[in-house]
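You are given structure tokens for the same protein chain in two forms, set apart as structure 1 and structure 2.
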Structure 1
């Protein structure tokens, strides 16, 4: 078998593509009036993340030299929300006079830049990273001056039409409002995502005019000014869907939720009624998890193997161990150990940790507490700011009275301690190990290990009693 030779010229060409400088600009200046919201459109959320965060994250794999967000309406609110993106540069478009006018705002900040400019819309969150990469790669491989992302739609209403020849060379883009009836029959639409040779684009931007139905500067008008423009057609037209109102927002949410459920079902998770459950993209499930109807996961959730979650549960930013069963309960910012049973109707609040083999039952609320291994809190109890040892048995209606009206105080309960029904532990208080608390007691003082603590008033009975 002969030796395989390496095409050095092709390898060098590939390396040159990878070395080319890249700037990304995301358009996010519009008002989004059809959303009917006090929030800017790009700050509307899908699966817990804003539209603009999704667009930013979808192109982060490209590692651009510079990344811009062009803002206008509610610019300060958007900038505050995205302040954790350290590499993001904000460019103000004021007033908002069309997409061409938006990109003109880069002429100053990109002065002296030599490379490619990728332009994305801040309200198109479904565009996949691999599709964006494909757009950039074709632009560079073809040495195009402009490359746009297109889609073929059965119903192209509302989109600008792209006119290209069989070789893929784009001759013109016409916005729908400016199309003739014949031109509207064209089903190839412009997605609003582009790649440009910046040096050539910068020379043409000042030539744009507003002689159109909306009296705006269209970026699409610039395409016919280039000597060579091409396009990449997406395989799945849903990728290029823009979000303009709450109906489209809900449609996009449903699509992402469907993708997430299918992903985890392929990896060993069962949903008994998939359409009634919602997830976040930060959730991670082990195998043989069963998710019952009307169960929802928010934020960063981890669910171990052989768990049964639901029906009727809400989990948020929580970690669930192996072999855990949760029924009709709310769990937030909590860690649950293995082999535990929670619910029905339990509420585990932030900063709660359950060790292994715990049982948390009907109408139990736990907040900012540690519950030791094998401990049972089965009925009608409130445990707040407390540390419970192992194999504690908390009787029905037990309350740790942690708030004195001004400050929160801690309750410490030792191993193997038992509290009777309707006990109240007034914090700060410490119960040692193997303590038994008599039913109906209100304790205000520490109890040493191995003790029985009873605090009750003397029962008084008056015979032959009548209200008359």
Structure 2
């Protein structure tokens, strides 16, 4: 584990006994057996983002002095996935003997550290940044040795139960598997997010034992060893959701989706069948957009005002201007100008830009192309690596033959040019402006502006012809 070694500068800074130092550790070493997957659990996605990315992003605002990720099962896969988070220090937990054992792995790397340690479960992706801040603030205000984040759940099944008195002093956490029937009735649960005074925690960690139903070292057992532990209770139970299996994954996804749709409905977007549509958190809509059934937005999408998108569309990382209609189409990494009509059954592929007032119709595929203002490509075409001017009329079945078997080549088509039905433009090729291409032509040579190009055998007529 390359990043396991501590760099010197950081060690020096941990030596000054500044009380407000903060380290964060995210636990992500577990296999996630209940997920039944070849993927490590924390790489499962909700609304297009992995659980672990969400957890990391949720606490990035705290600007900690150290940030650890405890990895074990499929450690390298997780490390690769997170390689662009430079500040993360990966710590290996091998084997994985429970959450307490996971935190014990910090004893070496945090030796000499003085300050607070915030621990987050890698499978609790919905904690709000402000809630985590609240937890840390309360911990510091109260000068507590241990502060945990709790919630009161209608259905606390599966979570560790927190036993606290009215003053908020936490006495004990008991895992559900170790609870008596009576203890299971306690609805106050452990979210898996905690703040600890590191020096105190470091002294207690070696005392954990595995005398429990799973024969693991539970981090939760540490709480009763502190002289004073307190808790912060969150109001929104969704925030503390831990994702252990695919049912929880789906429930969580559905809840976020519902919230996203509601957010946009409040801001002027209509959904004709809300539950059949999905959004990403990075989508932005202007007002009076109508989203028809079975329409999905992924990644970073922007939709202008008065658009009607759907039914049956998939848009990904694309921006759509105002007054655009899209029906039964797939649009990815594309920019669409205002007042355009797309579909049914169009496929706009990456690096495509449509200017304003374009019409892209039935069974048309466009890739890495620029389509000028007012241009129409209405039926059965493939346009790839092309630049089309304004008010071009691309006839039905026109194909840009952009690939010679080895390389891709460009087609340039000037303003007001019209291609006849079933034209093949063999790239590289330039058609000037105001060109007319006769139907059925396969063009291999450039065509100057203002001319007609036809390439086909002469039609032969044999009169008085009969097979008999």
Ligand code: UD1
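Numbering follows the first chain given and starts at 1. Nothing here was measured: the structure is a model prediction, and the numbers come from that model. Rigid core here is just the name for the largest C-alpha set that superposes within 1.5 Å across the two forms.
Asker: Only one is the form predicted in complex with the named molecule; which?
Answerer: Of the two, structure 2 is the form predicted in complex with the named molecule.
Asker: Using a rigid core alignment, state whether the CA of residue 156 is displaced by 2 Å or more between structures 1 and 2.
Answerer: Comparing forms between structures 1 and 2, the residue 156 CA shifts at least 2 Å.
Asker: Cα shift of residue 461 between structures 1 and 2 after core superposition, in Å?
Answerer: Its C-alpha shift, to one decimal, is 3.8 Å.
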